[in-house]
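This document opens with one chain alone, in structure tokens, the form predicted alone.
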């Protein structure tokens, strides 16, 4: 089927989200709580767009809105801009010195928020990506705790988690860099817990925690080589070149 996004005709498959279609056609829709590795969740509302179906218009979160018919979409109206400005202002009040939010504030030409008392060290916007990534890994080492203004992401009882494997999936999907992960030599530190890193058998670079490697091996129930992602990709590329001669 065909839909129209910002006056651009776009091919769409039944059930695809508006965000997926827009990105495939190089149409920018801002997001914070979205990751291509995880299904959309619509928490941050930055990706709101205006959908027209005949004479009916409605605001929807593009990351979770599935296309089921031909529609017309506007991604950057005056109403949407005002909405996003409000969201950025609220997030700026929570994380006043975070670089990701500072860039958004500059993009929308917004002044510093002085109305609210903020924690200068806070960087988490409670988007939920990190906890979802951890759950998808089958670990569930972190979760949101407390309520209201005291809500935050943490390990149980704020102690080093007994089940964390140090994979870093939570830090990888975090849009604001709130989760700190540090690799020093053959040691990784995350969530106040230290992990031994294994070196790639090909290039020698430390790339995965020992417990993470063992977890994956047990998960797929087979022996695997300690080869980093880059070396694995290089090996596949070389094999394709040998086969097809390109």
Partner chain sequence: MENQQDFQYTRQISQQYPQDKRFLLAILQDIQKEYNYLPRESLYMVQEYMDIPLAKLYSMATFYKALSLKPKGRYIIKVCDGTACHIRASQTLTDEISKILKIAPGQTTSDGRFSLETVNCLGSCAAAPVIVVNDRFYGKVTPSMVKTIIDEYGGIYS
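Positions refer to the first chain, counted from 1. Just so you know, these numbers come straight off a predicted model, no measurement behind them.
Note that the form predicted in complex with the partner chain isn't included here; everything after this is about it.
Student: Name the residue from 103, 147, 82, 115 that puts a heavy atom within 4.5 Å of the partner chain in the predicted complex.
Tutor: If I apply the 4.5 Å criterion carefully, the residue I get is 147.
Student: Which of 141, 71, 130, 89 has a heavy atom within 4.5 Å of the partner chain in the predicted complex?
Tutor: Result of the distance check: 141.
Student: Quick check for you: of 158 to 166, 172 to 180, 121 to 129, 94 to 102, which stretch puts a non-hydrogen atom within 4.5 Å of the partner chain in the predicted complex?
Tutor: That would be stretch 158 to 166.
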